[in-house]
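Only one chain is shown below, in structure tokens, and it's the form predicted on its own.
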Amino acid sequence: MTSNNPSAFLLMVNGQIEGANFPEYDDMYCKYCFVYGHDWAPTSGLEEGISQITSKGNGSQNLVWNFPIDITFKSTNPFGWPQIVVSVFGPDTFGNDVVRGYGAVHIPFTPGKHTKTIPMFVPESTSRLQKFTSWLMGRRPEFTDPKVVAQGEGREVTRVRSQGFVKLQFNVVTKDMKKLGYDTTST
């Protein structure tokens, strides 16, 4: 049964977190989660996930995860368009798992196949004493909730350092957006 007057549209996303480039680090894994507005609701798929640990190949600087993403959202309003937040972790010199990078990107608006590269960053200590103490204790600065990366509030006072890139591939399908008056065709 199809409706001629839909009350919501669907955004279907699948793809993968292909891999990363962190020249200084090895043996890393990633986590992802989605951040979206109040009018959005996931209808199927996984909202978050954690990958396997991967190592660099011989002579390669790239880490390969090929970690699948598959989710469908329902909404009545494009405000709060979904973003994917990726966090990358790896061991420090003492074997503790520490964050190696945070990054976020909006799900592409246009249907089709898309490849995105996310620049990653890590929070920094504000003083040399804090930096030394955190290194000694194995507790580096990190966000308690990685979703803060996709939000603007409070980020202007956070000191960060750029570090590495993560590559994602998306396949995006929309349904009923045109019927609700939204044009997502590329110009």
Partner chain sequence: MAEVHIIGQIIGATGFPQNSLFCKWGVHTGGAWRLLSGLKEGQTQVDMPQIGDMAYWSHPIDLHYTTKGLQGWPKLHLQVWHQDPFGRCQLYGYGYCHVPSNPGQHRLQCTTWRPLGSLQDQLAQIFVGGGPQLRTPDLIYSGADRYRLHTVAMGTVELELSVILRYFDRYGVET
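Residue numbers count along the first chain shown, from 1. A quick note: this is a predicted structure, and the numbers were derived from the prediction, not measured.
Another form exists, predicted in complex with the partner chain; not displayed. Remarks below refer to it.
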Indicate whether the partner chain has at least one heavy atom within 4.5 Å of a heavy atom of G19 in the predicted complex.
-> no
Evaluate R159 for contact with the partner chain in the predicted complex, applying a 4.5 angstroms cut-off between non-hydrogen atoms, and reply yes or no.
-> yes
Do Q151 and the partner chain come within 4.5 Å of each other in the predicted complex, heavy atoms counted?
-> yes
Applying a 4.5 Å heavy atom distance criterion, does N77 contact the partner chain in the predicted complex?
-> yes
Let me know the one among P68, P119, G49, G45 whose heavy atoms come within 4.5 Å of the partner chain in the predicted complex, would you?
-> P119
Does each of Q83, A104 and T110 have at least one heavy atom within 4.5 Å of the partner chain in the predicted complex?
-> yes
